[in-house]
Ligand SMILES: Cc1ncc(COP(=O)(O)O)c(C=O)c1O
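One chain is shown next in structure tokens, namely the form predicted alone.
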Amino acid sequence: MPTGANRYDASLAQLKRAEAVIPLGAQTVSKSRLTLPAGIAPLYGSRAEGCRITDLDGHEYVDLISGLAAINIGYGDPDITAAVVNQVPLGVTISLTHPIETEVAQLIVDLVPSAEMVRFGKNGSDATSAAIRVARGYTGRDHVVVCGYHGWHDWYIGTSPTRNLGVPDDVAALAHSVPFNDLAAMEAALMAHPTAAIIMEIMTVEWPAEGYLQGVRDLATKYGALLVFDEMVTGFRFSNGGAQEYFGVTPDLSTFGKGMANGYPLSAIVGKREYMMVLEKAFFTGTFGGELLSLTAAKVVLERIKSTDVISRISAKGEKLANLVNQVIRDAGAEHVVSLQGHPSWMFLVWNPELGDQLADLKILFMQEMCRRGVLMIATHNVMDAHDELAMKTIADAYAGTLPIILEAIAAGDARDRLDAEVPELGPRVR
């Protein structure tokens, strides 16, 4: 019997119950068995506090997924929790607009270079789709150039050959994907189509080349397209004003979410007044856009960001963690297998593509062994302020125990045989 065959009994039982009433057994694909293989990693959690999460089987983990990078402060922050609890008896969704909408919008305007006006949604796809509607309404054009991942709505996901089921071909034909750091490809797309917007993630695993972001800014102006920065992850993580402040390039519109409310469901489209006023005519609305608990959480988070060094602390912790892990990688002699790349607050574990057919199984084996050693991780270090010294030691120790197993599996060519469960094909990655 494989060593960990019974480690996730409660998760596996819950998966069976859930799949009877929920497609995939989860509301979020990145939390489902398509990402966390059943029997290899936990699928269901019972509680989370600080930087730690507990699964249904009672195992505790240092959490590097961090709510898919939505948690930048930490789980159960007492100030956020107290503010939310105090708001509950006063109303959650009420029949009039509450002043806190203006208060939170003003905090965003104070922090974000591109923000003169703000409208709220509940998830990232709300905000990015609103940005595209604004750009199309303002320019009178239909085509969009995309660079990165921008959500599940038809206008974008039609560009993904593995995720475009159900998207009309006519809709998909209006979006054109270009690679990051390639100004020539960007300009070719702009020349080929009358473009309403360039929407891009400013940075993921790869740092922007010298002059690249300003070059995109200049191309947008040259071809009359609005420049939209999708800062769902980088916002309130790279710097107080997001990656646009960090890199010193200001877009026309931006979209934020995730860390803005430390995991409470809230997103925002922000931008220059000239463009945002399109939303007085273009239809973007929702019953829960002014939901008060998420806005209350966001007010606490944004006031802390504005008045303390919390964002720089997160980056410093990310850098310290990267240094620890890089030392472990060197000590294990695994530099030819994996490396860490990206911004310290959001670092990617990058695998050598020359591992070829072994790679998929090695990634699963890595997840399995890290979980056994008390670290929940998919492919990134999503650092939060709550990550403490003990958490960093746990992570470094988990790498130190896992990487020799990975090297042994590569040498023997038997990564799949080392897995605790049969793993069907996983879902395609979105970035």
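Everything numeric here is computed off the predicted structure, so don't read it as measured data. Throughout, we count residues from 1 along the sequence that is shown.
Not on display, but discussed next: the form predicted together with the ligand.
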query: Heavy atom contact within 4.5 Å of the ligand in the predicted bound form, the stretch among 84 to 92, 309 to 317, 130 to 138, 226 to 234; finding: 226 to 234
query: Residue 239 within 4.5 Å of the ligand in the predicted bound form, heavy atoms; finding: no
query: Proximity of residue 247 to the ligand in the predicted bound form, heavy atoms at 4.5 Å; finding: no
query: Partner proximity in the predicted bound form: residue 289 to the ligand, non-hydrogen atom cutoff 4.5 Å; finding: no
query: 4.5 Å heavy atom contact, residue 123 and the ligand in the predicted bound form; finding: yes
query: Position in contact with the ligand when the complex is considered in the predicted bound form, options 361, 101, 201, 182, heavy atoms within 4.5 Å; finding: 201
query: Contacting member of 212, 207, 149, 348, with respect to the ligand in the predicted bound form [4.5 Å, heavy atom]; finding: 149
query: Stretch 241 to 264: residues contacting the ligand in the predicted bound form, 4.5 Å heavy atom cut-off; finding: 258
